[in-house]
Every structure is written in structure tokens, then in C-alpha cells.
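A single chain comes next, written as C-alpha cells; it is the form predicted alone.
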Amino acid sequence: MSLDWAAVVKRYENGARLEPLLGVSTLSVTGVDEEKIYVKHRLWEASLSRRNLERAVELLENGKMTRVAADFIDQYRTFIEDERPSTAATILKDLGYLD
């Protein structure tokens, strides 16, 4: 089960409001293209790279990272990059990769 980017684009092509993780504010996906997912919080806007999300899913599939969203955040920061790890967890949970 690798990250199907075409399915990601289809899911977020018209934007989406995401259920927040515990202790994390609500996020909205404002767009997606071949390289990034664009998100907006009430205080900031950012993007997550496809490369990092694909790497995270690869590590999840290989059992190298936890599927528990709250614990995944620290692992994402350590193994992938310090690129909005809680936002990455929110996205991957919305996509069904995290519990």
C-alpha cells in the first residue's frame, strides 16, 4: 500500500476540511498539485511535499514508524523532516494511513 498520489489529488482537488488530531487545530487543504499539498490554518499557510509523505508511507508500510498519530509526529520529525509533522500526521490520518 504505497501512497497513491493520483488518489490524493482527486481527494483534495477541491479542498477539504480535516478533522484535527487531539490538541491540534482544524486544518483545511486548499489545494494539491503533483508535488505538494497546500494547507491553511487560521494563523498560517504551508505546504507538505509529496516526497516526504511518500517516504513516511513507505516507512509505515515497513513497520519502521508507528500508526498511532500522536506518536507518529515525533517520528516524522526524526525520520523524515521537520516539515509540519503534526500537519503531515493529520493528512495521513485523513488518508487512512494512521489510527
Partner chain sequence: MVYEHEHGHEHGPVGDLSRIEAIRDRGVHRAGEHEGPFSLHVVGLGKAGANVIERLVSDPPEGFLSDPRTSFSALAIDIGDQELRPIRESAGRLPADRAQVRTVALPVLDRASLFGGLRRYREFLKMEYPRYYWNPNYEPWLPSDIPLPAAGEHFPRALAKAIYGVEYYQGGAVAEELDAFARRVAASEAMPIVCVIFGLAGGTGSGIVVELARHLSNIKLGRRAWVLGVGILPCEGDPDYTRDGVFFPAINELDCMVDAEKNKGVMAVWGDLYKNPFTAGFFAVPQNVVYDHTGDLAATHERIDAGLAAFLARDNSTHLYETLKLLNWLNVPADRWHPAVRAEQGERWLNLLAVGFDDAQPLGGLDLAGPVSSDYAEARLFGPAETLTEQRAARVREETAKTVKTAVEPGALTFPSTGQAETTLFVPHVSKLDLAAFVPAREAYDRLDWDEKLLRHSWLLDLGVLLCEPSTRFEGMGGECILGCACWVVVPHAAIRGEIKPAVRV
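Positions refer to the first chain, counted from 1. Rigid core here is just the name for the largest C-alpha set that superposes within 1.5 Å across the two forms. What you see is a predicted model, and the numbers here were worked out from it, not measured in a lab.
Absent from the display: the form predicted together with the partner chain. The rest refers to it.
- Proximity of H41 to the partner chain in the predicted bound form falls within the 4.5 Å heavy atom cutoff.
- When contacts are judged by a 4.5 Å heavy atom cut-off, E58 does not count as touching the partner chain in the predicted bound form.
- Of the heavy atoms in D71, some are within 4.5 Å of the partner chain in the predicted bound form.
- Contact check for T30: no non-hydrogen atom falls within 4.5 Å of the partner chain in the predicted bound form.
- Proximity of V24, R77 and P85 to the partner chain in the predicted bound form is complete: all three residues have a non-hydrogen atom within 4.5 angstroms.
- Contact residues in stretch 50-67 (any heavy atom within 4.5 Å of the partner chain, taken in the predicted bound form) are absent; none meets the cut-off.
- Once both forms are fitted on their rigid core, the CA atom of S25 lies 2 Å or more apart between this form and the one not shown.
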